[in-house]
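Below sits a lone chain in structure tokens, taken as the form predicted on its own.
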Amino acid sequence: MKSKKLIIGNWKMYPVNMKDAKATFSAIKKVASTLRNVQTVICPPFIYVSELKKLVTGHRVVIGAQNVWTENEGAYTGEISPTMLTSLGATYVILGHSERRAMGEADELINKKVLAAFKAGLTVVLCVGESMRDPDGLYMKFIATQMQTALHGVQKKDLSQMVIAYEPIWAIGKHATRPALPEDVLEISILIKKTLADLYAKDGATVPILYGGSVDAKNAWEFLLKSQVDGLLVGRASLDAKVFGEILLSADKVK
């Protein structure tokens, strides 16, 4: 996977209807399907997964999901199981997203979801990140602990299905204190690599690292070029087919 840039579009709870979802996906696919150096993944709301999967042709743009539960079946009202996702053709799942964590998801629950997703054959996009940066650098330990807890019980054989996405919460949304800079992301990219090496030795180097935080067509190339990341986790911009297409084209040019 590291030979290609991995660009994931997280559609969150958009768009509001199937017609718009299909139109946006089809427009993105026109660009994504032509790019040899980019693997594109679109993660729509659950209810769109099945219909969008029908529009997939080839392997350059595929479908993922934004969350999953820890069990394959049972009395879990409102949840979606890993095997349900794979039966629909989803191949990726985002876990530990900052918005899910803000709803109360703890690292221990995320760990259970990670293990269940691996067992079902899904590729996990594990999100980590700090809400603030302190002058003593305690945020570095915080992120390392997030990873260690979420990856508890994950074996080396699972790493081929693992992606780590860094989300600096302090740089995202209306409460952002300042934009994240490539050097901020580079620092955490190095930390993630070190933590993976501590856990899995040289096998940890195979895990792609993404940056996700207010990525747009203007800054995408800079993060890819200067931050030693293997791709991007794109939020709102992935719902604009033109803007997302520009991000994909930028990624295709980065060596």
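Owing to the predicted nature of the structure, the values given are computational and were not obtained by experimental measurement. Start at 1 and count along the sequence shown; that's the residue number.
What comes next is about the form predicted together with a small molecule, which does not appear here.
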Legend entry - the small molecule in the predicted complex: contacting segment from 60 to 68, 212 to 220, 183 to 191, 199 to 207, heavy atom within 4.5 Å: 212 to 220
Legend entry - Glu105: touches the small molecule in the predicted complex, heavy atom cutoff 4.5 angstroms: no
Legend entry - Contact test in the predicted complex: Leu233 vs the small molecule, heavy atoms, 4.5 Å: yes
Inset, instruction - Answer with yes or no whether Pro179 is in contact with the small molecule in the predicted complex, where contact means some heavy atom within 4.5 Å. - result: no
Inset, instruction - Decide whether Asn10 counts as a contact residue for the small molecule in the predicted complex under a heavy atom distance cut-off of 4.5 Å. - result: yes
Inset, instruction - Could you work out which of Gly153, Gly173, Gly89, Gly121 is the residue within 4.5 angstroms of the small molecule in the predicted complex, going by heavy atoms? - result: Gly173
